[in-house]
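The data below hold one chain only, encoded as structure tokens and taken in the form predicted on its own.
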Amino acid sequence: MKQKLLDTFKEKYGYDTGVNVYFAPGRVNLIGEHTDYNGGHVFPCALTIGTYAAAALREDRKLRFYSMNFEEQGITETSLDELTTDIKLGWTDYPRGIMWAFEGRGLKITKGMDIVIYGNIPNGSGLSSSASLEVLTGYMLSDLFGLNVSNKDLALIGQYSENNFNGCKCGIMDQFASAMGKKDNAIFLDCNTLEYEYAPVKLEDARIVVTNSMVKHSLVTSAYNDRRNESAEALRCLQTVLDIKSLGEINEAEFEANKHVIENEIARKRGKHAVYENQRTIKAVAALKNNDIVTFGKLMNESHDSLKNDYETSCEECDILAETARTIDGVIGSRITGGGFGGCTVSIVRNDAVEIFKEKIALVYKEKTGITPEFYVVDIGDGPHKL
């Protein structure tokens, strides 16, 4: 992969000296969806697929970007003097946003760069290609300019950039999972305090299988931001009777005892999901620590049902994938993962059932939607690094 990037870099820019190559992973969230911006817990892990960059410093302030995923777009040329939110340049807005956020923190970027990007996360799959690109850019800038930015700060800068430069009110989970990934471990993260612990994922007789619905979504949409606003309304109502700063601070019983103050039915459903999903995540991590994979799977299933019925971020295609998965012997749990409105499901499948799982899901899904899904039997990998 490194050689492929270096070859493309030389072909596009005409030189290959002083070029460094970097990687940052995508992520899959095992459980804890739409809890991050509600002050709850999440349980994601970094993947071994992600985004790569080959980059070299220039002597001027020019920025040149080329993506091997969007070859037809050619080289996008801009400069460090054009890092403003009112200039939109497609996919390059993500790395440009990180440069803008670095500058805003007083982390000076003094020279332009030539950059080649390649990602092997399927676009629109919900496996955080945007967060991966953000963390990758931050890690690359920190290395090229000797800025010594911590990986935790790379996650915070990525979230800030996506919120304020790209206009998506995402929580911290995606960037944190990419920046802080650790091989064979998921991250149990309290999004309220950013306290976290690594939990070994020991699936001795099972694999994590991600199924791509091939229905693409974009998180920079009104629907995602609507869910944030509706959850915030639920919180505001509960704050009239409870001394809380986030929905992640209460359990199911406290929610049920006070939900009557949330008069708007939609906001009540959004609040219910945030509270119950947070508690599910806490229980799921405890189950995993006790090697109780059956309970973990049951909680995954409940998570999907809540995302379908209460948070309404699933879609017909992902419902078909998750519900078909549950009918297959050897499937421990299955749910939609990521921001929703398309993308992927994540399933835990016993080793001897993986091939049957792929065959049956593909057959049923094609029959019902006319679409052929893609499957990724994934491994849990490390955070960003220089190759």
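When you see a residue number, it is the position in the sequence shown, counting from 1. Keep in mind it's a predicted model, so treat the numbers as computed, not measured.
Quick note: we don't show the form predicted together with a small molecule, though the next part is all about it.
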| item | value |
| --- | --- |
| Partner-proximal stretch of 335 to 343, 63 to 71, 350 to 358, 47 to 55 relative to the small molecule in the model of the complex, 4.5 angstroms, heavy atom | 335 to 343 |
| Partner-contacting position among 170, 209, 141, 189 - heavy atom within 4.5 Å of the small molecule in the model of the complex | 170 |
| Residue 118, heavy atom within 4.5 angstroms of the small molecule in the model of the complex | no |
| 4.5 angstroms heavy atom contact with the small molecule in the model of the complex for residue 224 | yes |
| Interface membership of residue 32, the small molecule in the model of the complex, 4.5 Å heavy atom rule | yes |
| Touches the small molecule in the model of the complex: residue 43 (any heavy atom, 4.5 Å) | no |
